[in-house]
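Before any questions on how it binds or moves, here is one chain, the form predicted alone, in structure tokens.
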Amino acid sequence: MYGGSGVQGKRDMAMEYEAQIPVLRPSIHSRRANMMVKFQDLYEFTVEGNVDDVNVLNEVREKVRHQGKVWWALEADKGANWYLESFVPSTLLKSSLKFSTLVNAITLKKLIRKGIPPNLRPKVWFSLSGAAKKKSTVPDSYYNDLISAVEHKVTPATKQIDHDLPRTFPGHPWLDTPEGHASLRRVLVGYSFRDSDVGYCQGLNYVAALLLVVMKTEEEAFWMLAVLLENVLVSDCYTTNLSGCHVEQRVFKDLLTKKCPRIAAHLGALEFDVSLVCTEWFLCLFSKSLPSETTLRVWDVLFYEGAKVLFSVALAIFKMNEEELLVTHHVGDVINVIQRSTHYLFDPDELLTVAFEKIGFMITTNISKQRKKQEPAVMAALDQRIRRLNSLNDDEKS
């Protein structure tokens, strides 16, 4: 990944990296008329927006260039894997750390919240998420052996995967090709056999596809998916009954009441169910809702700080639209406000500033307690639904 040697080599890489982040330049006609224009983002997804949106994206890209210089300077000063020395597992007591280590950890946390440069993202994610460690526990040939073993097997999961492939980011110049479909299929089918309890759940196709685009290699995308489902996210989020996802919805509803009481009260009066918008957020990890460059900034923090980040970001989206939401009169109006906002949320700093500064601190242990509190009600509701379906089936037979 690194060309050249020493500081000069890293400077050359930094200059090459800056050249890979083009400035978007709409035509004069488009600028004068403030027309909607289409262009490709850094990951080749087609984006539509007006000239103001283009200006925002250019400002964001300038910040990305600046962050790249910061990270490259740290690499030149401290070495290529400096961030591993600053990484502090959440299970480690902060009181047992040296002061210098703690300072470095805080610096790393701030840097990650400001964004990991796109060309460093694969190796930083792979290391800090725990994917590299997970991969190291099995033989080097694990992924290739798994893919070879399941190549011709047909299951309900593989059938659903085949159905979803052409619907996953259609129009992307690599994902929406036979090669892209084959690569995504191998990752999803491979994982469906690795964890038969999860198998395959719709939503994972978008997550795995975006991981492929970022990580570049199938094997690294596979292990990133594995660490997400097995370590980062709540268990049972993608099992058949989606019990974990239902738990997250209830936890989020409680958090909305505490953090955004005016919004929660108004939505309650409209009988608005937050799952109408949040289910997709939690299953697809915002990959279907936010622009890709914004989604990946959320994932930067997700892989370092954990699933509590999803709640912070979801709350921030509601908070950013508070005034507009408070004057809605129908459920459909609420959905339109939220979807319009997320579709054009091109500035990740705006979103993350609200998430981390206005929403307030999220404590993982408190989230875990809320989950345990909600689990019995979720399981009871799912059990009731199964009994109701069985009763309907019995009525149809008789």
Partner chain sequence: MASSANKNINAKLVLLGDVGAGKSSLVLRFVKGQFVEFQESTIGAAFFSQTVAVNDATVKFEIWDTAGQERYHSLAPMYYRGAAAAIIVYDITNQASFDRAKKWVQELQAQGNPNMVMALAGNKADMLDGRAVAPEDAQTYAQENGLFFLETSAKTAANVNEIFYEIAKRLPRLQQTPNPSGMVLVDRPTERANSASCCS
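A quick note: this is a predicted structure, and the numbers were derived from the prediction, not measured. Numbering follows the first chain given and starts at 1.
Note that the form predicted in complex with its partner chain isn't included here; everything after this is about it.
Shown alone, this chain has one stretch from 182-190, 297-305, 226-234, 165-173 that lies within 4.5 Å of its partner chain in the model of the complex by heavy atoms: 165-173.
Only one of the listed residues (Val213, Ala105, Cys284, Leu256) places a non-hydrogen atom within 4.5 angstroms of its partner chain in the model of the complex, and that residue is Cys284. Among Tyr206, Tyr143, Trp71, Phe126, the residue placing a heavy atom within 4.5 Å of its partner chain in the model of the complex is Tyr206.
Contact check for Ala80: no non-hydrogen atom falls within 4.5 Å of its partner chain in the model of the complex. For the chain shown alone, Glu280 is a contact residue for its partner chain in the model of the complex, at least one non-hydrogen atom being within 4.5 angstroms. Interface residue remark: Tyr238 is counted as part of the site for its partner chain in the model of the complex, having a heavy atom within 4.5 Å.
Shown alone here, Tyr200 lies within 4.5 Å of its partner chain in the model of the complex, counting heavy atoms only. Across the proposed site, Ser275, Ile335 and Arg388 without exception bring a heavy atom within 4.5 Å of its partner chain in the model of the complex. The partner is not shown here, but in the model of the complex the stretch 360-382 reaches within 4.5 angstroms of its partner chain through a heavy atom at Leu382 alone.
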